[in-house]
Structure formats: structure tokens, C-alpha cells
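One chain follows as C-alpha cells, the form predicted alone.
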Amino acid sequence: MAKITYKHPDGTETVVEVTAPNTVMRGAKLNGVEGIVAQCGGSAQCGTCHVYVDEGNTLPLPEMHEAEDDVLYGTASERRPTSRLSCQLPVSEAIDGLVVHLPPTQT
């Protein structure tokens, strides 16, 4: 289980506990976190689960695959160095305390 903080563009935040083997995207959907659309359901094809990993993050996240990298160039909100698809971030105890920022729009 990992505690994930989703920070919304208006400054509010939602903190949820998510169990493995979910992803950061699935954790948001299961807990009603607004701001994650996830149109493709988690197959790294639509980019509507785009998040910005907190700049102070030191937790071990998986390397970005080429497909994720390609999709991030077509997201509705600007791509940043900390951009990731939340469907490609698996939940484990190793990422307990992860903070992600939601972009202003996903579509």
C-alpha cells in the first residue's frame, strides 16, 4: 500500500491509499480523484492520465518507455521534464508518499 497525494491546479489536494498492483492512474479512478480522465483505461495510448511528478521526488519510479514518451508529446497540457502518464506508474510500498500534480486539462 502506498499513500499518494494528488495536487489539483486550484491548490487543493487529495490523499489516498492505493494498494498494489494498481497504478497511480487506477488509484485516482478507484478513489474518485477528479482530474484523471484515463480514456484508454491505462494502455498508454491517450495521454489523459498525464501528471507532473513533484519536482522534489526522490522515490524510485520506473524508467519511461518509448511509447509513454511519444504519447506525452500529444497531451492537452504542456509537457514538462517531470511529466509522466500515471497509468505507467505502478503502485508499491516503494513509492509511498508520492506526490503528483494534475495538469489544468486532460482533453
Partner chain sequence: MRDTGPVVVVGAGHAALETAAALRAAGHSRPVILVGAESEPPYARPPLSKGYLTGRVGTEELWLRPEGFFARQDVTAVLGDPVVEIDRDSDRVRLASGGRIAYGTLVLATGARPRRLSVPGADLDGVFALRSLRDARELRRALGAGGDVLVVGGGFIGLEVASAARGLGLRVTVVEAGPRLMGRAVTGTLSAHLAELHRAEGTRVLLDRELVALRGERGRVRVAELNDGTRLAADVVVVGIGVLPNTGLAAQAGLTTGNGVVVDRWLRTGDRNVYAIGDCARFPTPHAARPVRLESVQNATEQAACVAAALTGTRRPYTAVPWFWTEQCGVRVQMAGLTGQHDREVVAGSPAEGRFTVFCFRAGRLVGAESVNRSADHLITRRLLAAGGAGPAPDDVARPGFDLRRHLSPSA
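Residue numbers count along the first chain shown, from 1. Quick caveat, the model's predicted, so the values are computed rather than measured.
Keep in mind that the form predicted together with its partner chain is not shown, yet the notes after this line are about it.
Its partner chain in the predicted bound form reached by all of 63, 92 and 99, non-hydrogen atom within 4.5 Å: The answer is no; none of 63, 92 and 99 reaches its partner chain.
Contact of residue 46 with its partner chain in the predicted bound form (heavy atom, 4.5 Å): Residue 46: yes, in contact with its partner chain in the predicted bound form.
Proximity of residue 53 to its partner chain in the predicted bound form, heavy atoms at 4.5 Å: Outside the cut-off, so no.
Close approach of residue 75 to its partner chain in the predicted bound form, 4.5 Å, heavy atom: It does: once its partner chain is placed as it appears in the predicted bound form, residue 75 has a heavy atom within 4.5 Å of it.
4.5 angstroms heavy atom contact with its partner chain in the predicted bound form for residue 59: Looking in the predicted bound form, residue contacts with its partner chain do not include residue 59, since no heavy atom lies within 4.5 Å.
Residues within stretch 81 to 103 having a non-hydrogen atom within 4.5 Å of its partner chain in the predicted bound form: Residues within 4.5 Å: none.
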